[in-house]
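First, one chain by itself in structure tokens, the form predicted on its own.
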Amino acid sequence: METSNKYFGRDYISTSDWSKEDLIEVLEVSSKLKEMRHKGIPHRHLLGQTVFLMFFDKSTRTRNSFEAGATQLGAHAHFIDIATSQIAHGETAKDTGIILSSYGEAIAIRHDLIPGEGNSYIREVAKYADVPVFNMQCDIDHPFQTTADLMTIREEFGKDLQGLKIAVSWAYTKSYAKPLSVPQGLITLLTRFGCEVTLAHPPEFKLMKNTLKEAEENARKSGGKFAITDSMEDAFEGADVVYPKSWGIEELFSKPEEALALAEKYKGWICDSDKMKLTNDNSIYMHCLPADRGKEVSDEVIDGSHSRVFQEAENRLHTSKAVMLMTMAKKLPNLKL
């Protein structure tokens, strides 16, 4: 049995574009698809459909969750390396949106390394495409990652997250100046669900002002809390969830070596067993991966009993599938378990 689908054709560019009720529906569908996957129940509801995956940046979990997820839904995910496409020669977002939407049923884009460009480009493609456009990570948000994060937290603590204490913290690394989109996506999403979110970072590593304002407003509406501190320890004190990861400096993305040099002042910003002792006994450690072991996090934490990083990574598959199914299927199928 199939039902009418109000989500058909909708873009998924930021979680803030969808209502809280719609996001809960995404999570419910994700959970059903996860159970079907574990039980070996086929769910090939997108037979013959194509989703184009456009990558301006490298990827492991995002690319493979979409490719595997599309296959499990009966669709085909078509990988496009921007460096080998005509986009590298200046083809416009308008032309790309029109053309690819005439070839397939959805377009997914990762464009995350240049502040001020990624989200604008994705929305420009969406403006001219007549199929759903998905944000696989931009400069502002990483909606599929944070939706999977929310799914993981609900699996651990239940559906009522009111008052749950969450620490979103910067952590040291020397690998590269990472995008701001994961912490920004976390603070703007989790504050909608009544969580008490504390953002911790050294003074130089601020997030974008608009995302901070959005988090504050969301917390006010939901009855949650949003606070900012320059102490990782303060953020971890009594936390139920800790999410320490590195990110760069918005003003220095054109000069990443300067951001990395500044990061050297904060090598003590590592999630280790001493910091985890500050958290609640049943707290969980999360990270979008890849985590820089020995810098962002110690082995004993990421491999220890608090860690949920592999459950979290698996949930990337199920949330990607849920959004594809909900936006690409003209009729929403009854997912029988």
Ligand code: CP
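Residue numbers run from 1 along the displayed sequence. As the structure is a prediction and not an experimental result, all values here were calculated from the model.
The same protein has a further form, the form predicted together with phosphoric acid mono(formamide)ester (CP), not shown here; the description that follows concerns it.
Proximity to phosphoric acid mono(formamide)ester (CP) in the predicted complex holds for all of S59, T62 and L289, with the criterion being a heavy atom within 4.5 Å.
Although the partner is absent here, Q145 is a contact residue: one of its heavy atoms lies within 4.5 angstroms of phosphoric acid mono(formamide)ester (CP) in the predicted complex. Phosphoric acid mono(formamide)ester (CP) in the predicted complex is not approached by H318, whose heavy atoms all lie more than 4.5 angstroms from it.
The stretch from 270 to 278, 37 to 45, 51 to 59, 22 to 30 that comes within 4.5 Å of phosphoric acid mono(formamide)ester (CP) in the predicted complex, counting heavy atoms only, is 51 to 59. Taking a 4.5 Å heavy atom cutoff to phosphoric acid mono(formamide)ester (CP) in the predicted complex, the one contacting residue in 88 to 113 is R110.
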